[in-house]
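Just the one chain here, the form predicted on its own, laid out as structure tokens.
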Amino acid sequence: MQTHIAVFIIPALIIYTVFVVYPFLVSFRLSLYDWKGLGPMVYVGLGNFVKLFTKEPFNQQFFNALKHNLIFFVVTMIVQNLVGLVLAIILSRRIRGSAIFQAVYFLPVTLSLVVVGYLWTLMLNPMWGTVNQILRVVGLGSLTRPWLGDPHTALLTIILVNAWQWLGFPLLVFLASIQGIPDEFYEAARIDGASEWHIARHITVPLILPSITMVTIMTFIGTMNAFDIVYTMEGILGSPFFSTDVLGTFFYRTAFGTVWGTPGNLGFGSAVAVVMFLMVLIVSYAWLQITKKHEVQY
């Protein structure tokens, strides 16, 4: 029996070690050095971390990017996951055409982030983009604007595009969890006169809390590592004026430089990556411990 378990575990353990553990250990080691990628590596201890938190403009850009990541997470939780939960509750009532709705909502998940970013960049073009054209047709021309060129709307626009693409994932996870709840719970609640709101609040949500926890943690990890969608829609500088800069683009610039010749530093970039990893690890573990106390067994 132990031999069979080892046969299944060892290949996955080797792959995880090679592609996850080893790169992290290398990054942690590099974070202690000043190294441009070529030439000698100069040991600086925790100097890269001190530079990250205290030296301008690096500390300003770091905290600015961190703020954007937190906004990214909060808005994604509200728009993507809350809407996904509501839609899952509605679709669990087995309404007509629910399978079609599930397919429609999940379809964008199968698209490449690069393709999604490029298509939405075209649709949001301020001159001939579809979004502004539709607003003009329906009489809302006053709302038209350069969505990706305005620092006040650029980040929110990217977040909504990202939420549109990933809405289908939490929807399917929540729907599968809801369908696993015994019908007796709902029937007893309805016999007692409970409204649909009270059923959702006191039965559905508590019983699918493990799924909500998993989706929340995955959303936090995904938004803290956001890079592709920002890179394809606003470039490596988080334009306009760093209003869409996130930790992923900040890390890329510091580690590999920019196309305008700004030099990169793999040691400093590794320090940024280590800080990102520690934040994700600590918050995810803390959230898991908090929600575990409120889980309901049935």
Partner chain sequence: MVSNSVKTGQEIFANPFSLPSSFVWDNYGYVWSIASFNAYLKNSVLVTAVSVFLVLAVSSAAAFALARYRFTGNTFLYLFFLSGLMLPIRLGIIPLFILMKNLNLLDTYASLILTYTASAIPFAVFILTGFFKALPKELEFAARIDGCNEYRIYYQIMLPLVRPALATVAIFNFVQTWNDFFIPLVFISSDHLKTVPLGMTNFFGQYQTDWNYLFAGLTLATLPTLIMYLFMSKQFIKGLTAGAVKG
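Each form is matched to the other, and the largest set of C-alpha atoms that superpose within 1.5 Å is called the rigid core. Residue numbers count along the first chain shown, from 1. Being a predicted model, the structure only gives us computed values, none of them experimental.
Keep in mind the form predicted together with the partner chain is missing from the figure; the text below concerns it.
Taken together, the three residues V7, Y22 and V115 all lie with some non-hydrogen atom within 4.5 angstroms of the partner chain in the predicted bound form.
A single residue from the set S27, S243, Q61, N69 has any heavy atom within 4.5 angstroms of the partner chain in the predicted bound form; that residue is S27. Among heavy atoms of F73, none comes within 4.5 Å of the partner chain in the predicted bound form. Not displayed here, the partner chain is approached by N225 to within 4.5 Å at the level of heavy atoms in the predicted bound form. For the chain shown alone, L52 is not a contact residue for the partner chain in the predicted bound form, no non-hydrogen atom being within 4.5 angstroms. When contacts are judged by a 4.5 Å heavy atom cut-off, I15 counts as touching the partner chain in the predicted bound form. Partner contact region in the predicted bound form: 116-124, out of 185-193, 77-85, 155-163, 116-124, criterion any non-hydrogen atom within 4.5 Å of the partner chain. Taking the partner chain as it sits in the predicted bound form, the stretch 72-91 never comes within 4.5 angstroms of it through any non-hydrogen atom. Remark: with the core as the superposition reference, the CA shift of L288 between this form and the one not shown stays below 2 Å. With the core held fixed, L278 shows a CA shift below 2 Å between this form and the one not shown. Taking the rigid core as fixed, one finds a CA shift for L13 of 2 Å or more between this form and the one not shown.
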